[in-house]
Structure formats: C-alpha cells, structure tokens
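Here we start with a single chain on its own, the form predicted alone, put down as structure tokens.
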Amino acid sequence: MEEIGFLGMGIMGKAMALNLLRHGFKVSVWNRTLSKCDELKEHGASVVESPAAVIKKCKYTIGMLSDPPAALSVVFDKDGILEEICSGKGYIDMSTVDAETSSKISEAVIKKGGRFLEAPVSGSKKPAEDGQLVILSAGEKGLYDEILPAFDVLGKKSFFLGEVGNGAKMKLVVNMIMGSMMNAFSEGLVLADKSGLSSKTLLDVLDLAAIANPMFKMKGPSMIQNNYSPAFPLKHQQKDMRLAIALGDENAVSMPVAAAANEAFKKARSTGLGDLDFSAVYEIFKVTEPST
C-alpha cells in the first residue's frame, strides 16, 4: 500500500502509528512537539516537519488529534493540511470531534480537490496497541475502501456510517454511555466499600452478572489499587461528555444521567485529575462530603 502520513503522536496516535509500522507499512509522522516522534523514528518512520509536508509526501494521511481546536489547527493553520491537499490526496481524521468540526474540515478539504473521511475510534491505549479498535467511518466511500487495509491493522471492526458527521455522532454517543457507566461503577465501588463489602468480591460478582463488560473487568482492579495510569485521559472523557450533551441539545434529547456524569468529570478536572485515566473520577466519589 502507499506510504501513510500520520499526524499526532499522543497516547493513541503513537500506538496506532507503531502498529502500522509493525505490519510493514511505510509511515511518515508529525507531532507539534517533534521529540515525541523519536520512538517512531527508531521503528523506521520518517519524521516530517509540518502537516503540509506530510500531505505533500503521502497519498493518504491520518490525523489523531486531542480535541476540536487541535483538529482544526492542523488543517487551517500555517503549514497546515490545506496548503498541500489537492486532487488525489486523502485525509482521514480519526480524532474525536463534534459533527460540526468534522463537516468544516471536510468542506475545506473537498473545496481544495482533496478527499475526506472521518473515522473516530472506540477504544483506548491497549486496544490501539493490539489493533483492536472499533473504527466509525463516514464520508467518501471510495476513500474508505482504499484505506481499509490500514484500518484492518488498526482495528478489529470498521463501520461505514454514511455522510460526514455520522462517525462523530456515533463516537460521542458511545463515549457518553461509557462515561455514564464509569460514574455508576465508581458509585457502586464506593457503596460496597462503605457498606463493609469487599471491592474485589464485587468485581468478581459483576464479572459473572448480566452487566459484565470489558471496561469493568479491565479498569476495576486498577481502580481499587488507586492506579490511574492514563489509557484515556479524564480531560478527554469530559470533553466528549460536553460534546455529547451539546448533541443532545441540538436534538432536544433530555440527558440527565449524562449531565450528572459530566459534572463529576468536571469536578475531577478541577481537583487536578484531568491528565489521569478517566477512571480517576472514582476519587471524587470516595470523598465524604462534610455534614452541615
């Protein structure tokens, strides 16, 4: 397959680019802080000085940025994607953004003659490392079909959801559910502990119950050991909750559970937990409110 460009060497982008390299793809990488590309260079990647230079060099370029402002920046800023995107070049944005941001990027890329696909992913650091992401694509079907060999390395399943915006919306719904579940899980762990029950036994019971799921199984043991090494930073989870609630507002959907979960994540961010894993919201529930 053609050489692939990759923009953004955060927790997810780095793991995904390394996976492509391990499977024999040629990869050119860029990150705002270029030193974050050093490990990729050791594994055979070419380090390029700007998003525009990556686009110029590669037929297909993937972006994995932290939030909507970062996703827009690599497109519209000086030395950005728009300076070199043209006919025959494809940009695949795998960042988690809102549908409006995705549509804005799509329109700008297509206006320059380029091709666009949004493809946010469900999954965090470990699934990214293992090639077990779920990829939620929308946009140009032809570009989706062409990039599928790379998607097959990055993920266990790829979905094509139609027009641009649908991938972003699906990702926000998934992460809204995940964030709400993490809040309920944290409350349950605290309730079990305060009631004199073993947290470890609760995890064993949940794993055999109808609500058993990989997130509880993976996060639970670390949470009860106060280990919040970031696989998916809490600040990004709160950003996704905020964007999902905004999507609910657009569609007149009442979301009281998501709103309450968002407040808990906001509180966690305000106490300095934003860079830890999103499961660190557990710490907020462990604090006993002083009686008045």
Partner chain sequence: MVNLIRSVNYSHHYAAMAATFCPSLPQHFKPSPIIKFPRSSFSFKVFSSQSSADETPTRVGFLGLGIMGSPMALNLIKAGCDVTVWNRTKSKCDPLIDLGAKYKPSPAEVAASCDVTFAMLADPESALVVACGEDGAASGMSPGKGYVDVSTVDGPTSKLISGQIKETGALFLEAPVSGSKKPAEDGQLIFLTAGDISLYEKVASYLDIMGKSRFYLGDVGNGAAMKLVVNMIMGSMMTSFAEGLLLSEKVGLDPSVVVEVISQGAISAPMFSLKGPSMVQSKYPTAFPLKHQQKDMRLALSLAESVSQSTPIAAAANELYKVAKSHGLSDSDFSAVIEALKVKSKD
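What you see is a predicted model; the values in this text were computed from it and never measured. Numbering follows the first chain given and starts at 1.
Same protein, other form: the form predicted in complex with the partner chain, not shown, and the subject of what follows.
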Check your understanding: So which of Ala108, Leu206, Leu72, Leu143 gets a non-hydrogen atom within 4.5 Å of the partner chain in the predicted complex?
Key -> Leu206
Review point. Between the options Ala258, Val48, Ala231, Val27, which residue brings a heavy atom to within 4.5 Å of the partner chain in the predicted complex?
Key: Ala258
**Study point:** Contact of Ala244 with the partner chain in the predicted complex (heavy atom, 4.5 Å)
**Key:** yes
Review point. Do Leu136 and the partner chain come within 4.5 Å of each other in the predicted complex, heavy atoms counted?
Key: yes
Review point. With the cut-off set at 4.5 Å between non-hydrogen atoms, does Phe116 touch the partner chain in the predicted complex?
Key: no
Review point. Any chance Glu187 has a heavy atom within 4.5 Å of the partner chain in the predicted complex?
Key: yes
**Study point:** Full three-residue contact with the partner chain in the predicted complex, heavy atom 4.5 Å, for Leu65, Cys86 and Asp130
**Key:** no
Exercise for review: Please determine, with the chain shown alone, which of 250 to 258, 57 to 65, 220 to 228, 28 to 36 has non-hydrogen atoms within 4.5 Å of the partner chain in the predicted complex.
Suggested key: 250 to 258
Practice item. Between 195 to 211 and the partner chain in the predicted complex, list the residues on our side with a heavy atom within 4.5 Å. Key: Ser195, Gly196, Leu197, Ser198, Thr201, Leu202, Asp204, Val205, Leu206, Asp207, Leu208, Ala209, Ala210, Ile211
